[in-house]
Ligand code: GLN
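Here's a solo chain for you in structure tokens, the form predicted on its own.
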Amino acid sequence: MKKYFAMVLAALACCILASCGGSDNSTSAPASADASAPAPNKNAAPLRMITEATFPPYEFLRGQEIVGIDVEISKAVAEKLGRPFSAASVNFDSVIPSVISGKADIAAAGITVTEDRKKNVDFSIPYVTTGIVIVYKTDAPFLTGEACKGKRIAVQGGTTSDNYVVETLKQEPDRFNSPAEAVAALQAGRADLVIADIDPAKNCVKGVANLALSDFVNKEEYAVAIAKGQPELLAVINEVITEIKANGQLDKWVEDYTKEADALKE
């Protein structure tokens, strides 16, 4: 009888230990999880990222999914906040208005920091230094901004390329929804040249024998934008950017997404 009770007690002890999860692998976090980041609270409002998904490697479509460097940065912010994440794509000239109006929490779309934009949104610390270049046909080269004056210039509307033409070259460009559309206009003879950010410009000319790029005509810095008056959110974004630059994660994302974007172009 004592043996029977001993067996029962032993079985109960095993059940109690098992119920505590001491050896239940189904509840353990993946080895790659960031132990310092809180698990997403499913009841919390998602961190809503707004972007313009035609700007590889920063943001582009993998099927129906928006992916890229800016998406990874925004996901890292959501993870640090313990919030779910969502992303949506709009035309570039609607990206900043979306955070100003409260339709989105965070704007990341290869957004160049400018004094004019600083009047309407708060910017994070920069995460990349880049610039704009001229896309030209090799039989009609344009190597400097000065050489572009008076020509038919195609740009993506609402970008710093657009601003550069208006403010520096003192003329109105032909505006398109994306750098790719602007380059198509150049190839069709409806523009003399395109001014665009270096990364989409590289994608547009890759493998195209009759197109080439100038050196930078203007250098820029990209940062994340949010509505004004949110110092706590801004501090978290800056913390994430500082971390991913220091630990090499940003460089890894740049490498990986550049390769993927190049493969899509082939």
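One rule holds for the numbers: they count along the sequence shown, beginning at 1. No experiment lies behind these values; they were computed from the predicted model shown.
The protein also exists as the form predicted in complex with the ligand; that form is not presented, and the subsequent description refers to it.
Engineer: Each of 136, 152 and 216 near the ligand in the predicted complex, meaning some heavy atom within 4.5 Å?
Structural biologist: Result no, not one residue of the spot touches the ligand.
Engineer: Test of understanding: in the predicted complex, would residue 199 fall inside 4.5 Å of the ligand by heavy atoms?
Structural biologist: No, residue 199 sits far enough from the ligand in the predicted complex that none of its heavy atoms falls within 4.5 Å.
Engineer: Wondering, does residue 111 line up within 4.5 Å of the ligand in the predicted complex on heavy atoms?
Structural biologist: Answer yes; at least one heavy atom of residue 111 falls within 4.5 Å of the ligand in the predicted complex.
Engineer: Residue 222 near the ligand in the predicted complex, any heavy atom under 4.5 Å?
Structural biologist: Yes.
Engineer: So, residue 160 and the ligand: in the predicted complex, are they within 4.5 Å at any heavy atom pair?
Structural biologist: Residue 160: contacts the ligand in the predicted complex.
Engineer: Of these, 117, 75, 103, 175, which has a heavy atom no more than 4.5 Å from the ligand in the predicted complex?
Structural biologist: The residue in contact is 117.
Engineer: Among 127, 164, 92, 142, which has at least one heavy atom within 4.5 Å of the ligand in the predicted complex?
Structural biologist: It is 92 that has a heavy atom within 4.5 Å of the partner.
Engineer: Thinking of the ligand in the predicted complex, which stretch from 77-85, 103-111, 165-173, 186-194 has heavy atoms inside 4.5 Å of it?
Structural biologist: In short, 103-111.
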